[in-house]
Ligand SMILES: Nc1ncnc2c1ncn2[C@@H]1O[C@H](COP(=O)(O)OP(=O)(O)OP(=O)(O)O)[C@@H](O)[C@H]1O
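In the form predicted alone, a lone chain appears below as structure tokens.
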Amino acid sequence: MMNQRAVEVKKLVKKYGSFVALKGISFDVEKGEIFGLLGPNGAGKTTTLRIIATLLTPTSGTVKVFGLDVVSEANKVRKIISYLPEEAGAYKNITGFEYLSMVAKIYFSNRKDQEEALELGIKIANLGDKIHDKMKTYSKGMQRRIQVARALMVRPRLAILDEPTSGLDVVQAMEIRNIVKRFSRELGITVILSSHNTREVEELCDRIAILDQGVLKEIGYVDELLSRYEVKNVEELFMKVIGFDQTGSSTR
């Protein structure tokens, strides 16, 4: 279909026993955009991403990725996505080169495709000669660059990134944001990411959705939301939408 969206989430509910993590949220992600889920810890961001990535089954509602249902067509969905969890670690006793080579061989059976993916992964990670050092010697920022390279080098139609800069310092986080923005545009990859970092989503995302306690509070283009709420930045927007005043006191 000409107007087929990258992701369609409709009335999504997820329950863990008596706890309702997602309370009927709905949103769409357009092809080629970087879409951000913003919210405090426990808002439901990771649960949403894991359902889109076919790792969790919804209690009710539907999710489609490029028209494919994440439950009934999970195997097809997995072939066109990549998922980077917040807690993604590193294989300590192999080099970055060996790790990216392994990823290329898992994803592609054709040797030419493997070589092209590996070359792209090395370019994205941009670690220079350090690519041949064991990953146990890498800083957290270097490990994250390898993981982001892993997610993008296979040219997925959709990359799902959960808190991609979590735990990184300011410089490392900026490097990761630049990598995501540059290579998602160059490779034509749609990105959906989660973050509780308001600056991150303001710099990276075309549109954002604000989640709080499993409820979708707001959605839209960043500039439009800033204008509508008459605020200067996403941090002020976030506080206003989830119910905190300028002093940080709750108005909920």
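So that there is no doubt, residue numbering starts at 1 and follows the sequence shown. Quick caveat, the model's predicted, so the values are computed rather than measured.
Although not depicted, the form predicted together with the ligand is the subject of the following passage.
Query raised in the report: Picking from 58 to 66, 179 to 187, 34 to 42, 218 to 226, which part of the chain touches the ligand in the model of the complex when contact means heavy atoms within 4.5 Å?
Result: Result for this chain: 34 to 42.
Report task. Look at the candidate spot formed by Ser82, Ala125 and Arg155 and say whether the ligand comes within 4.5 Å of a heavy atom in all three of them in the model of the complex. Result -> No: no residue has a heavy atom within 4.5 Å of the partner.
Requested in this report: Look up in the model of the complex whether Thr46 has a non-hydrogen atom within 4.5 angstroms of the ligand, and give yes or no.
Outcome: Thr46 belongs to the contact set for the ligand.
Query raised in the report: Is there any non-hydrogen atom of Val234 lying within 4.5 Å of the ligand in the model of the complex?
Result: Answer no; every heavy atom of Val234 is more than 4.5 Å from the ligand in the model of the complex.
Report task. Considering only heavy atoms, tell me if Arg199 and the ligand come within 4.5 Å of each other in the model of the complex. Result -> Because no heavy atom of Arg199 falls inside 4.5 Å of the ligand in the model of the complex, the answer is no.
Query raised in the report: Just to confirm, Val241 within 4.5 Å of the ligand in the model of the complex by heavy atoms?
Result: No, Val241 is distant from the partner.
Report task. Quick one: from Glu86, Glu98, Glu115, Glu73, grab the residue that has a heavy atom within 4.5 Å of the ligand in the model of the complex. Result -> Contact residue from the list: Glu86.
Report task. For the stretch 10 to 28, return the residues whose heavy atoms include at least one within 4.5 Å of the ligand in the model of the complex, in the order they occur. Result -> Going through 10 to 28 in order - heavy atoms within 4.5 Å of the ligand in the model of the complex - the hits are Tyr16, Phe19, Ala21.
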